[in-house]
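What follows is one chain in structure tokens, specifically the form predicted alone.
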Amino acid sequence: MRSYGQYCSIARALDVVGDRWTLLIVRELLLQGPCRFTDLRNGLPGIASNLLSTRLKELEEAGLITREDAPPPVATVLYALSADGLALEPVLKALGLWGLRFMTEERPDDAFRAQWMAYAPTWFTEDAEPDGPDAVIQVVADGESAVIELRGGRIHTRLGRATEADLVLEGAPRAVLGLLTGVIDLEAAGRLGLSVSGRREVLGRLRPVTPG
């Protein structure tokens, strides 16, 4: 493993997770939970299979992930985060929150996956009316679907479709994610082609988290 050769905790951390793709592998394991090699590869568009294998081996040697054989009928290797790997979640949240300032531009060749749309409201917003009634928001972008549920003062997300939704947001990833995370307002999202149906006041419940 390459090293910066510095007696500094930041340098030591980057010795382990500073290589390209490494933190995104951790992101996928945080979002998907234990998963197969193919699931990881699908969640990391653009990565070569041999590079993913190398990064997984490095992360396992560093003690950040574990691998085990799934029982039949799956009969495949499952990768999961260890306790040290799970401890990176607040690091990724802080990095993602800082990175929102760079989300105003959507490049035409940017890939997009539903799980990225699902984690954003949970990590980057809070319920402005924690004592308010339960509410469900269906979001759709590039054919990918996720559900945001506000209940008990907390925000929960999952992939898929809601049976009944109070609000439906559909459009390009930049419009949907930009609106959900407070990068753009509803008027700007509309100019980007966002379609909104249902109770628009529910949007006011999603309050962007202020960086600490």
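Keep in mind it's a predicted model, so treat the numbers as computed, not measured. So that there is no doubt, residue numbering starts at 1 and follows the sequence shown.
Beyond the structure shown, there is the form predicted in complex with the DNA, which is absent from this document and is the topic of what follows.
- A single residue from the set 160, 33, 63, 46 has any heavy atom within 4.5 angstroms of the DNA in the predicted complex; that residue is 46.
- The DNA in the predicted complex is not approached by residue 15, whose heavy atoms all lie more than 4.5 angstroms from it.
- The closest heavy atom approach of residue 55 to the DNA in the predicted complex falls within 4.5 Å.
- When the DNA is considered in the predicted complex, residue 124 lies well away from it, no heavy atom lying within 4.5 Å.
- For the chain shown alone, residue 207 is not a contact residue for the DNA in the predicted complex, no non-hydrogen atom being within 4.5 angstroms.
- Of the candidate stretches 181 to 189, 33 to 41, 139 to 147, 164 to 172, only 33 to 41 has residues with heavy atoms within 4.5 Å of the DNA in the predicted complex.
- Annotation for 17 to 35: interface residues with the DNA in the predicted complex are 19, 20, 21 [heavy atom within 4.5 Å].
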